[in-house]
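Only one chain is shown below, in structure tokens, and it's the form predicted alone.
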């Protein structure tokens, strides 16, 4: 193919989830489209989403599940549209309490469905092509490590800095800066936290349900403890704030409520009732059932009570200490486990430089940005793939209107 003679309607930089969705929508509308990606297969990062099961959307959908430095009121509930899009591609889904996965429970089902549609639409792929630069002079010139591509429009869907082994890239931020589009600070999100807290020696391997709080941010779910840190759904959801504080050297401790289903007063009364029913029980026996037994042992130890102490020996101050440590268990942290371990990048190309009704850059006509490269990130639960689809759809609608 002589790329000097061929001018594409749209060249998409990045063949991840958002880039593939955009390419399919544009090609279906009759536009001449190509995809460039540094990987040797399309949608490589999709394979790692949802622990390999690909939770691609959620029935609980609004702007409240996303973070940005900009207003996100343009984000609406489109989860049914996403489900329909994949059903058209032959993907049937399963609803796990509002979390949608392919029925096969395999992320490769999503990746292969997108790849198959790209192939059927004869979309040109430039794989194993790392984009190094984009210039504009009447048309865009996209320079890669292997070739040069001409296009009337360019859409940057290059992702963020997360998961380097799956092909993370800085090119989107570099291109934004080149065309004088502002970018924000970047931090890893949906990532575990590092800690050398002494409690982890005994809690390593434990999975306990609780509410995790970092400063003003809280989330409830299963917490996973390991020898060098903590992770799990609630930790991942608040990790972006830890990431930004790590940048600013303003880290604080994590607080865990192991018994979020009771208020402090309710817990206090329940402990008193248990103690009064059997004065000859040991404290550990009397507290069984409140939460994970290893967590109970840690709370008792932290309250300066021996595990075999009879409840008849305890006083009101001991009970107050138990309540406090159950409801406000402190774990000191050293930061996140970094971009390589993270699922998504928080921060990115600032929406203040993007028309959010088209995803076109304000400073450069014909240049679009979609997906993770933008300053939008969601909590766990299919929200980041939903954002990838949403931004791709907005860009697709505008490009089809402009080009047709």
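Residue numbers count along the first chain shown, from 1. All values reported here derive from a predicted model rather than from experimental measurement.
Another form, the form predicted together with a small molecule, is not on view; read the next lines as being about it.
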**Report entry** Proximity of residue 359 to the small molecule in the predicted bound form, heavy atoms at 4.5 Å
**Finding:** no
Report task. Report yes if any heavy atom of residue 342 sits within 4.5 Å of a heavy atom of the small molecule in the predicted bound form; otherwise report no. Result -> yes
Query raised in the report: Should residue 109 be classed as touching the small molecule in the predicted bound form when contacts are defined as heavy atoms within 4.5 Å?
Result: no
Query raised in the report: Is residue 199 close to the small molecule in the predicted bound form, meaning a heavy atom pair under 4.5 Å apart or at it?
Result: no
Report summary line: Note: the small molecule not shown here; in the predicted bound form, the stretch from 314 to 322, 151 to 159, 278 to 286, 263 to 271 having heavy atoms within 4.5 Å of it is 151 to 159
